[in-house]
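Quick setup: the structure tokens below cover two forms of a single protein chain, split into structure 1 and structure 2.
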Structure 1
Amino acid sequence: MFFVIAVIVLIFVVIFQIAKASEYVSILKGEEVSRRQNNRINGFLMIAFLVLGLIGVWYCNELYYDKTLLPYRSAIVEGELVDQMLWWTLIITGVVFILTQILLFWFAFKYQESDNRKAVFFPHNTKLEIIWTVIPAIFLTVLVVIGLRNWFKFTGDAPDNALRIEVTGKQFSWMFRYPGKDGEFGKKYFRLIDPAGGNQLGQIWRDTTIQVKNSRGGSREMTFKADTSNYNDIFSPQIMYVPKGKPVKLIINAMDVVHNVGLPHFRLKMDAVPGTPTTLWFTPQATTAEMRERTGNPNFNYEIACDQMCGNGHYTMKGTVVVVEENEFKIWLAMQKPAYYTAFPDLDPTKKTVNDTTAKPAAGQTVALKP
């Protein structure tokens, strides 16, 4: 580090000394002669900067390409569309970048000041302005249309057989809810959220009456009837399991501030807005185990990150997405205990009192049975 700093300081000192020497030379030779000489030097430097700059672009690509997501296919079927759009964007903008930089530096060298050439000035050229306005507009319009097509696909209606998962963000964690055997999410109300009582999402588990104040200082009663669909909903903090090859629809919410569901390996992201559910759907095509083989990283995991600055702990707001084969997912889902029975274990129907002469348990002893 000290060596690099010393080299940088030395380079600045050398440049400063050259500048001072050039200033002294210009005084001795005369301002006009010195200006012409510096003009020629700058013209050659433009070509040098062009060559070194293009080499630098190539070198950075060689150095960092493998550290990006570009070498790996999208982990979802729909993400292939994003990859195609990204590659077309890189190709078009890359070609334009290289051509414009070559022309910029080459023109600075070729058309430097010369006594044998007279400069020509023209303030307006309609044909040229139409060309450099219409052509970029056409390319940008095509890219925008492709982007909108992909966006409408991700956020449109999911297939009828899609697995629905509710995603809820809060400072600074993710929570996931799966519908029970009835396939329906139970109703919830934000004023019923009670983390200490095991009700992380405000599910309506019991008949409840609460007092709600209005803006005028008054209050009114709100009564909620127990929603039996809530009894089977499964709650999973920080880890979301999804099956490979089956469409998955995310219903996205936020409890406090605006968050953003960022799925980099899926090429997707979507805002999580308090009070305004958003949706997104995709079809996984590579399990976590398969991605570990592709990347050569035995510790690889799909990440769900918050892509919206949401507070001091924003950087810690990360979750894990586990993609497994469909049969593995079914086994995992069958092993999960509904959040209702986690909060009220005494009501768990998978537990019963054992009272027979073989086991001879203590009075009132309960034994957990397999689902």
Structure 2
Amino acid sequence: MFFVIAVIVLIFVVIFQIAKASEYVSILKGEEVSRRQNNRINGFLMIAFLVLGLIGVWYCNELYYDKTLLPYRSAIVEGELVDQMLWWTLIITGVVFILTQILLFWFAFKYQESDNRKAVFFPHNTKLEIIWTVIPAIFLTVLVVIGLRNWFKFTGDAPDNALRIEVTGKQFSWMFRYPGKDGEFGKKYFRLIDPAGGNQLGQIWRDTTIQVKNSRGGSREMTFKADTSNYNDIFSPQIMYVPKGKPVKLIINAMDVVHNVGLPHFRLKMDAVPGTPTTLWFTPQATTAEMRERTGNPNFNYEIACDQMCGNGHYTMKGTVVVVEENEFKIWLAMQKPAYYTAFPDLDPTKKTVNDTTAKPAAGQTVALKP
């Protein structure tokens, strides 16, 4: 450590001595001469930077292109539109980037101070200025039009046949709820959340009365009536199973702070805000198994990355989407026991059979895909 610091200090001293000496030399030579010399060196460096920079841009692409999502088709149908938009934007901004950077560094090099040339007095030119107002405006209009068309598709209503799943983020994990056979999510209320009692989401399972304290120290009574459509709702921690080829609509909640359902392979994300549900829908088009093959990575998973700072464990807030064929999905769903009956096994009408099968579900494929 001290050795490293000593070396750094030494380098600094050397650089400083050189800098001092060159200032000394430049004064002896006179201001004009040394300015010219500096111009030449920096003019050359401008061109060198341009050339090396463009090579660097290419090289960086060589190194990292394969590590991005770009080589793989979006795993959902709608995500193709994001990729399309991305390529259009890349082409337009890429061309502008290359042209303007070349002009900038080339002009800097070419028009460095010289005895043969004087600066021209060129304070304005209305025609030029109109040109470079109008042309960008046209290109931007094109991008806006394509963009908004896609945007309204992403944020528009999900198809009626969409499978609805409720997603809840909490520090630092994800929970999923399926509506069960009746197709309805039972009502819930945050004060009824009781992790120890197996009620992770605060579903209204029974007729209940609670005392609610307010912030001024008083309290009031709240009464709830059991919502029977809660009884068959299915609860799945961390893993969300969805079928391929069928639209899925997420209803997104947060229990404590703002989180974000980030789905990189789907090219989508949506915040989870406490107290204000949001939605997101998509149609998966590649199963997890297919994607493992495509990427050549047997450990591949569709990871849900929390994309909104949510506390010290933010970076561990991972969920998994498992996309399976529709029939596998049906098998999986059929095997799930509603959360209500997990919490109150005595009430479970299918108690016996379930007790027999809880040990290990039979369907091999589904289990194989479990991350």
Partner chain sequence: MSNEAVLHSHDVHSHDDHHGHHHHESFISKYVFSQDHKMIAKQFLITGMVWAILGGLMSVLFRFQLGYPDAEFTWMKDLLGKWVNDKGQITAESYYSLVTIHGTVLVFFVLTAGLSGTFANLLIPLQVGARDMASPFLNMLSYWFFLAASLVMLSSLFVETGPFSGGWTAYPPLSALASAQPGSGTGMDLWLIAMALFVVSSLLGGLNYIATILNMRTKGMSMTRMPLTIWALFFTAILGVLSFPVLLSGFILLIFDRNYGTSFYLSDIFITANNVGALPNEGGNAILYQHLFWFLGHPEVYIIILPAMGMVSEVLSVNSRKPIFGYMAMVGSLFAITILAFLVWAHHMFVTGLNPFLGAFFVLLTLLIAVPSAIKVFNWLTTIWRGSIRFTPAMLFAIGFVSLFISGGLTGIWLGNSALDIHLHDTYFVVAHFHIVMGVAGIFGMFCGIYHWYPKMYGRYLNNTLGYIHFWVTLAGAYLIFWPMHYSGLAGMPRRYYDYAQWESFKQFGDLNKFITIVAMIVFAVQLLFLFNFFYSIWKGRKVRSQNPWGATTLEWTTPINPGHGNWPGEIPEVHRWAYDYGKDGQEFIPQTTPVGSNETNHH
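Whichever C-alpha set is largest while still superposing within 1.5 Å between the two forms counts as the rigid core. Please note that residue numbering is based on structure 1, beginning with 1 at the start of its sequence. As the structure is a prediction and not an experimental result, all values here were calculated from the model.
K.L.:
Compare the two displayed forms of this chain and pick out the form predicted together with its partner chain.
P.N.:
Pick structure 2 here.
K.L.:
Core-aligned, is the CA shift for H124 between structures 1 and 2 2 angstroms or more?
P.N.:
The answer is yes; the displacement is at least 2 Å.
K.L.:
Taking the rigid core as the frame, does I41 move its C-alpha by 2 Å or more between structures 1 and 2?
P.N.:
Shift at I41: 2 Å or more after core fit.
K.L.:
Establish whether a shift of 2 Å or more occurs at the C-alpha of N161 between structures 1 and 2, with the two forms superposed on the rigid core.
P.N.:
N161 C-alpha, core-superposed: shift of less than 2 Å.
K.L.:
In Å, how large is the CA movement of L10 between structures 1 and 2 relative to the superposed rigid core?
P.N.:
Displacement of the alpha carbon, after core fit: 10.9 Å.
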